[in-house]
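Before any questions on how it binds or moves, here is one chain, the form predicted alone, in structure tokens.
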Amino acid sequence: MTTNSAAYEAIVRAGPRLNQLQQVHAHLILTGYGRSRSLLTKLITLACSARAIAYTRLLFLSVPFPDDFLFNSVIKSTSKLRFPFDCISYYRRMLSSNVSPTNYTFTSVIKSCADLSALRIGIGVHCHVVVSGFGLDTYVQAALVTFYSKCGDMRAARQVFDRMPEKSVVAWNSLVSGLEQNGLAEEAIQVFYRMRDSGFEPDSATFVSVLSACAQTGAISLGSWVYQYIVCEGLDLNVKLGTALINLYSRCGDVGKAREVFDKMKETNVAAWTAMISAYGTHGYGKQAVDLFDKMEDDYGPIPNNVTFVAVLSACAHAGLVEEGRMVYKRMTESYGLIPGVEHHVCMVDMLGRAGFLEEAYRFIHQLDATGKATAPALWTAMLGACKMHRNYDLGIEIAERLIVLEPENPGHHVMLSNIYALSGKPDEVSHVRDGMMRNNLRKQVGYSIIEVKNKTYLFSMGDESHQETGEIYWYLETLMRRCKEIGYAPVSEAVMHQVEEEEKEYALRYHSEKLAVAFGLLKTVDVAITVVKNLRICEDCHSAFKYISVVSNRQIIVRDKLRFHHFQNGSCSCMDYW
């Protein structure tokens, strides 16, 4: 065995441990091997693996003429270990040293550009890819699809993908994931179907993205098919897959199935526990959320993080568990040393305000204000919602006007001020606010509702007449509402009508998007619960109507609005009218 090979073995034995590597490095210098390129290359790679990036830079500078192997080794390592700035820096030095990059070089550098969402730099690298003759390399193209997706340029991502002569599972996954993460869930699902039709077998990464897309669109049938596929094929229900399934079932209205998945997971982490706690919270099961959080603390689960506390506090707010919420907030700082952020503060204001503790909520905000933390408009928005709920119009007007000063371009604040003026009997002020919105071209967000029937998704907007069975849907809805009136339903008053945020026209109350979706779902299905997903908050009239419709139709109706779930059955709602 030569001294050189003995030195190499010493480096290998040191492994990615900084102190041992430094000792070996000192020995190399003393024995005259301190400038050996092969030994330094191994030393640099292990130093990078030890995440000793400053030491890695110093070692690299000691190499007089780095070759392509050294450059590629350090570029690959820095990219893999998420040191994107260093990766790009070594790539630039590689070019200035007239060392030619390979497809592996480009794959690593593009990944680092994706990590940074550095669109301009990445486009430059893409140009170099084409000039260097790697434009059709499968690995490089897959990396480019991921890069453009992470930068939000799905048009470029699809162009790269469509030009690929041979598409890999990685490339398909990159496109599906990119579409889902950029809010194009329907397109992500369609690409998944194309992937299967093309003969590619999906893997765990595919399913995580598909399940997230299903959760966005409410496509419970496809999500359930994915779960069955995982079970039947014996795929490992890993943490990412399990968490995605929990989110899917939660967002599609089946919290029981979400818990079933959670209990089947052999391995869990803080994300999985938080997802399950959040599932209970959004469905109004505050006690179960707090109980699971207590179980998580009692040495059963991982240490909760900031997101976990948001989930627990939100669950307490939705269920009116004020004392529990106060204790959780206290434990967050005293037991775990976590610093509450805006989200936690908003949950506290929401919880106190919903429960009618308006003065305490107001004091809470002002205490934060004294420390410079209450500038977040979300705090005042939560307070404003509480004022409207408890009919404290004077304070509500004051807060709405404050919010308009903070965020003059947010139409929601103007709408809320208009609603409160309407509720307090000030029609002139209502007109003034709405005229101002028209002058400043501030438009309210359009409400829509989605329902899945027989594995197909349907979207309805207010007064929608685009469906081919519009006549039958409207006739059936009229029949439902007539039967509801017979057992006591009465439309909300004109004053309450003004507070509906999504719609404007007089007839909107009867033909809200969620009513049309529910009517269509009941018309097209038999003896099953129907689930409707709405992008905005459900209005008071629809909430009242659905309780009656659940009686006359003898069906369970589940509505997911932008804040929570409502399960209507036998004339009552799971929220117990606490929303």
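Think of the rigid core as the biggest set of C-alphas that the two forms share within 1.5 Å after superposition. Just so it is clear, the model here is predicted, and its values are computed rather than measured. From 1 onward, residues are counted along the sequence shown.
Another form, the form predicted together with the DNA, is not on view; read the next lines as being about it.
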Would you kindly say which of T217, N173, T78, N392 lies with a heavy atom within 4.5 Å of the DNA in the predicted complex? N173
The DNA: the contacting residue among L459, V430, V270, I397 in the predicted complex [heavy atom, 4.5 Å]: V270
At 4.5 Å between heavy atoms, is V239 in contact with the DNA in the predicted complex? yes
Even though the DNA is not shown here, does A317 get within 4.5 Å of it in the predicted complex, heavy atoms only? no
So in the predicted complex, is the DNA close enough to T56 to count as touching (4.5 Å, heavy atoms)? no
Though only this chain appears here, would R537 touch the DNA in the predicted complex if you measure heavy atom gaps against 4.5 Å? no
Taking the partner as it appears in the predicted complex, which of 410 to 418, 337 to 345, 207 to 215, 183 to 191 has residues with heavy atoms within 4.5 Å of the DNA? 207 to 215
Using a 4.5 Å heavy atom cutoff, which residues in 62 to 82 contact the DNA in the predicted complex? It's fine if the answer is none. F69, N72, K76
Core superposition between this form and the one not shown, C-alpha change of K111 at least 2 Å: yes
Using a superposition on the rigid core, decide whether the Cα position of S49 changes by 2 angstroms or more between this form and the one not shown. yes
With the core lined up, does the C-alpha of V310 move 2 Å or more between this form and the one not shown? no
